[in-house]
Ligand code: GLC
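Shown below, as structure tokens, is a lone chain in the form predicted alone; questions about how it binds or moves come after it.
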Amino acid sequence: MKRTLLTSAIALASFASAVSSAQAAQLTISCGAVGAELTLCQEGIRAWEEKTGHSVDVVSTPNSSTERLSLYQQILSANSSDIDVMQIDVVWPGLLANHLLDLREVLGEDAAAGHFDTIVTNNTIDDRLVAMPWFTDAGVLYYREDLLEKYGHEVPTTWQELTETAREIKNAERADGNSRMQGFVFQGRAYEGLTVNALEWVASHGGGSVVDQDGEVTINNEHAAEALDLAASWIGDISPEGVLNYTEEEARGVFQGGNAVFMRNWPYAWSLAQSDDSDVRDKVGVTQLPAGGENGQSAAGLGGWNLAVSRYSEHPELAADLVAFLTGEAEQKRRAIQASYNPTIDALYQDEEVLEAVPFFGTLYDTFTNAVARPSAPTGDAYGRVSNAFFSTAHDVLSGSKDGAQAVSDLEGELLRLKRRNW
């Protein structure tokens, strides 16, 4: 009798194991790899796997957001289920919406409760929530506190002040033996990152946002031309020629290696600059980007990333559950504390543990909530071509092949041809 019961128990356990294995699903997700992004994503995935018993493969995608968008468009246009969960830029919901799941249908009407309303609205296309906010971003200025103190300078509040301060400190440091010192590093490669940098320069000078909210092309104005000309003057002076091929990580590498006075980057660079192996640990300050002259204002480009579920996923409900977990409050708090990724949940900006880890989340709160959006909403499906035209034009000015006035005039003509009657 005992032997029969034991045999039955073994058989039942084997059957249960087989059923469990059959029910366990395999998902795929694309995560970014800028800074600590990939590690943080993998850690969050492991926690979800342990909680649910399902497994997730991380799909490698290009660091360049421009190249990543192209890859996504190829996969989705083929109705492929290769990637279940996609990390998408804040400017992509309108471009990819037709291929993405309405997350409210799976997660409920309150799926995005507590997240910043502006980002939820951005991610809602034709009343469909096509992406959940994961982390938000706004451009900030990193500076060497020790070098400003050494040479008796205050933190610059205008781009012109930054130019003059960067030049003086760079030259003094080089004369003192650091032949690699640069004044200012930023994202100057011809890609989406330059769209954001150039938008910050233009908007801070009062030059608008390339295309306004009504869809009108506004880039051809003297303020925009002035902003681009000023940026071009940095090349070979306070910025190296190589900045014309810098993305976020190249700029961070120079700054974190102790070889730049100022850097424009996203908040993620803070935790890395403060890491044990950083050459600038405890020497760095963070503030809002400079204004464009006395009558200008600080303008931080809105960035950030979201998680979306492909409509072609074979496990849409499970994929949506993974998205809800990774974008939830506990995960966002962990990512903020460990790697200074800006939460999209308002309550976390009053969290004592978060503010202790990243003090400027409190002092720059208004910068993050009032960032300047790229013109993706008014230009709709044409945004990719609009951005490409803008960053190519900015790169032309930086590299010296056009001056600001000629560049914005040419860009206006190109955008009007793209627009025709309407976007």
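Heads up: residue numbers just count along the shown sequence, starting at 1. This is a predicted model, so every value here is computed, not measured.
Separately, the form predicted together with alpha-D-glucopyranose exists; it is not shown, and the next lines address it.
- Taking non-hydrogen atoms only, W201 never approaches alpha-D-glucopyranose to within 4.5 angstroms in the predicted bound form.
- Contact check for D89: a non-hydrogen atom falls within 4.5 Å of alpha-D-glucopyranose in the predicted bound form.
- Although the partner is absent here, E192 lies within 4.5 Å of alpha-D-glucopyranose in the predicted bound form, judged by heavy atoms.
- Among residues of the shown chain, S376 is not one whose heavy atoms approach alpha-D-glucopyranose to within 4.5 Å in the predicted bound form.
- Partner contacts here mean any heavy atom within 4.5 Å of alpha-D-glucopyranose in the predicted bound form, and among 273-281, 168-176, 192-200, 76-84 they occur only in 192-200.
- For the candidate spot formed by N221, F390 and E412, no residue has a non-hydrogen atom within 4.5 angstroms of alpha-D-glucopyranose in the predicted bound form.
- Proximity to alpha-D-glucopyranose in the predicted bound form, defined as a heavy atom within 4.5 Å, holds among E226, D102, D137, E331 only for D137.
- This chain appears without its partner; in the predicted bound form, the one residue of W234, W305, W159, Y143 with a heavy atom within 4.5 Å of alpha-D-glucopyranose is W305.
- In the predicted bound form, S65 is the single residue of 52-72 with at least one heavy atom within 4.5 Å of alpha-D-glucopyranose.
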